[in-house]
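The chain below stands alone, shown as structure tokens; this is the form predicted alone.
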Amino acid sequence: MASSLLTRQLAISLQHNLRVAAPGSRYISKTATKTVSEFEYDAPCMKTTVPGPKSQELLRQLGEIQNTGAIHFFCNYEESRGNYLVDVDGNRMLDVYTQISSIPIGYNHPALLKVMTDPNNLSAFINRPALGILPPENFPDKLVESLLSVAPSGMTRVQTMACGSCSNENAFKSMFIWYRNKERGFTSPSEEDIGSCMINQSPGCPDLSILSFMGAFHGRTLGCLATTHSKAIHKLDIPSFDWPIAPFPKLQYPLEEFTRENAQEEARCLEEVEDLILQWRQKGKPVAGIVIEPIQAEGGDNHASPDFFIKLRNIARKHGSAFHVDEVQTGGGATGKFWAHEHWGLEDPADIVSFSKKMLTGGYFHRDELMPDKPYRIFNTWMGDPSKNLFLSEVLNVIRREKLLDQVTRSGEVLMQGLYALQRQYPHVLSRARGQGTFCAIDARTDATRDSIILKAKNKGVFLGSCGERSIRFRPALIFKEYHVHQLLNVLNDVLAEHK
């Protein structure tokens, strides 16, 4: 790190206070004292439009090898710090997208650099084991220290995987295995079961289903795609299963002003869930499991009340279906609690909770009953990566030591108040501000308006993401503080002032 540069930046940052809003001025609310940590920059700094010339040349080169249509720009990760992402052209942006909600404590955090330099950790980085057959000596201890230390209520076991999609894919398999074992009375599979599965026929390959929700995103592998209903581009041309799709509540915001209407909408959706379960049972495709996100992220940051989820869990229990909570994007603290479903107050815990992204490794927690009954049923070569557990342990230490969940709650309150203020100031452009912690979103007038806002914000030093049909999503790291919120709001205000 360039310590002299950071020292100068620290001195400069402490000299400047954000201005208080006045009519016609940039949006500013009263800010907390700004404290720049040693390893972080103090503000965005733009040198070119984005993508700049170096990014464009790299796009050309990579375009001769791969499809680059989704690439925004190329990054200089060595120079990125904390909440700030630096690109190859030297543009420094406040990153409020964080690798699609996947960076828990910012770029190049000193605690994680220390993990890399500890000689006791070298073996975990050099020797990647096939965990299902040859795990390292310290693997049980590391799981207890990392993943099991934050296990959701009712979860006694964890299965590691590499990413979100494979976590959900194998969680689905666990639900199917559990369901069939129940149907067989936990006896051994018959010869007919074993023989028919080899040619993709029942009863060995049963006609079971998983119920999911319109607007959901659970991954891009085949089983996950059958439960993903956020954007057509994810599913186009890919064969899929005939599984039930329930409506997800379309709530009106702000929630406190539409309590009666939203309760009616949630009741309608829950009734449809029960109808679909009965319909698919009559079709000979019983619902083995229900999968749902605490907040539909990719599908547009769609929320529902704790009462909705509690009743949905009860429906799963009533009909003998497993209840799978997909916390791939919401897990890890962004909502102000470590797991977003903790906000529900479930008395009957979920059966499966999947994770990835901010957890740095993939996998799923599950109840004892969903333990695979034989080896190799839930299996692949790597089944995760022990080095990620080392990083996660240190991330959890930082979260606890720095009380980052409290920080997320404070920053989230400031962010939501700022978004409310902006939509009041620009009602012709923005609407439906919503969020939990810093897991927030707001709608633009159209998808074209949304894309324009994101592009202009990027060129002013704030990197944002999109979701749904016309939503801007905010996914900062857990170290996102109040003064970072004000930097974001200032840039958004400048951009919105250009939209007449």
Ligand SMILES: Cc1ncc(COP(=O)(O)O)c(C=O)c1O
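Everything numeric here is computed off the predicted structure, so don't read it as measured data. Note that residue numbering begins at 1 and tracks the sequence as displayed.
Absent from the display: the form predicted together with this ligand. The rest refers to it.
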| query | finding |
| --- | --- |
| Partner-facing stretch of 422-430, 293-301, 239-247, 126-134, counted where any non-hydrogen atom is within 4.5 angstroms of this ligand in the predicted complex | 293-301 |
| Partner-contacting position among 159, 98, 146, 165 - heavy atom within 4.5 Å of this ligand in the predicted complex | 165 |
| Residue among 107, 178, 73, 217 with a heavy atom within 4.5 Å of this ligand in the predicted complex | 217 |
| This ligand contact at residue 357 in the predicted complex, heavy atom, 4.5 Å | yes |
| Contact label in the predicted complex: residue 171 to this ligand, heavy atom within 4.5 Å | no |
| Exercise: residue 93 in contact with this ligand in the predicted complex, heavy atom 4.5 Å | no |
| Partner proximity in the predicted complex: residue 353 to this ligand, non-hydrogen atom cutoff 4.5 Å | no |
| Any residue of 307-338 that, in the predicted complex, places a heavy atom within 4.5 Å of this ligand | 326, 328, 329 |
